[in-house]
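Given next, in structure tokens, is a single chain: the form predicted on its own.
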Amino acid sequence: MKNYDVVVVGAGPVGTTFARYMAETGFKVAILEKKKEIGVPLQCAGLLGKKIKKVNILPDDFIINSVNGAFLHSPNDTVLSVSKEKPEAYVLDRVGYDKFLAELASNSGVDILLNHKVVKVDSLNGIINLKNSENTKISADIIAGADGHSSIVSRSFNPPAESFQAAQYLIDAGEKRFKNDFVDLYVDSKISPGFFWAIPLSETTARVGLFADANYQNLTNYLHELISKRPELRGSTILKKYYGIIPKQDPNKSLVKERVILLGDAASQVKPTTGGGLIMGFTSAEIASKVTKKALEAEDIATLENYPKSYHDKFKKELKVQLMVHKVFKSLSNSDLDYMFRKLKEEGAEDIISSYGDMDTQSPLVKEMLKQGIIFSILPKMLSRGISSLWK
């Protein structure tokens, strides 16, 4: 049986980043990945906020497009236009980027074992049972579950995670229809608190998708309906289809048990409002690596309990605000959404969103809209008071 200081289950970007941090510190590290190839199939919209460059390495080679703003569409197409002078987000080649992060980990000394399916985790003794590989068991002082929304590591001490379904098409409009540096976001009560997106790769091609509490057949129907009714999408050729699952944010999820910690989607480390999780996941990987280093050096696994504490200290307030925003959108009808967009436009909210909006940290924008009284003018009193109470 092979023995390691740290074994990471899952070779996604958060898992490989954590593994790299641990290997760079001098520990013996392995990654177990059930797939035969890292990064495929694509299961992400690939739009990441500018903070990505602060929390991980991102070579320009993997940036397909830079985004400065967004067109936000109500159901009846009241449009809010928001933008900044500098890029606010990047459209990535996610498959290439995932492979790059895995290569960095490998170059740092991490053993990446593909086609290694984990079937059981013993959190007390640090034993991992495997299926369909040369190794049947691997041991580790610390095990990190970074194996996605359906994490077998998480299920060893958490209930099954609740999740949204997601679908996305790569489309070719056949002519110049997209503004390269703007994404289009469309809201509709039938998929709230999810939403539709059109993320341009060029003036003629885009990733068009959605996430929602719906099955794959309904997702497909909704996507075709959107494409058929939107002039910028109508008549496009579908080049590729992608489907995925986004875990719902769960503030009560246990992140540590004995020798095991959870990271990324396995830890439900996703933004409630957008379903994105890489920046939070990368930040959590850094937090976890520091705690894990101390636990290994002190030979005291109880030290791992500092990881969820540090994670919650970092994100708890922001996630609380986003969960409230999530709750608000889920409660609104299409007529409510149209009214809200009209009021936002009348109140000059485009400038406020442009100044205070941030893909990854939305509480400053909500706080400013509360300060200016805009929240109270567009939402029912009960909901606006609920948001207001977050700052009391």
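Numbers follow the displayed sequence, beginning with 1. Worth saying up front: this structure is predicted, and the values here are computed from it rather than measured.
Although it is not shown, the form predicted together with a small molecule is what the next lines describe.
> So which of 345-353, 34-42, 331-339, 361-369 is the stretch with heavy atoms within 4.5 Å of the small molecule in the model of the complex?
Replying inline: Selected stretch: 34-42.
>> Which residue, A161, L296, L72, I152, is the contact with the small molecule in the model of the complex, using a 4.5 Å heavy atom cutoff?
In response: The residue in contact is I152.
>> Please tell me which of K314, K117, K248, K190 lies within 4.5 Å of the small molecule in the model of the complex, judged by heavy atoms.
In response: Looking at the other structure, the residue within range turns out to be K117.
> Quick one: does V67 come within 4.5 Å of the small molecule in the model of the complex, counting heavy atoms only?
Replying inline: Because no heavy atom of V67 falls inside 4.5 Å of the small molecule in the model of the complex, the answer is no.
>> Since only the chain is shown here, I'm wondering whether K99 would be in contact with the small molecule in the model of the complex (any heavy atom pair within 4.5 Å).
In response: Flag for K99 set to no.
>> Even though the partner isn't displayed, in the model of the complex is W197 close enough to the small molecule, meaning a heavy atom within 4.5 Å?
In response: Yes - in the model of the complex, heavy atoms of W197 and the small molecule come within 4.5 Å of each other.
> Is L48 one of the residues lying within 4.5 Å of the small molecule in the model of the complex, judged by heavy atom distances?
Replying inline: Heavy-atom contact with the small molecule at 4.5 Å: present for L48.
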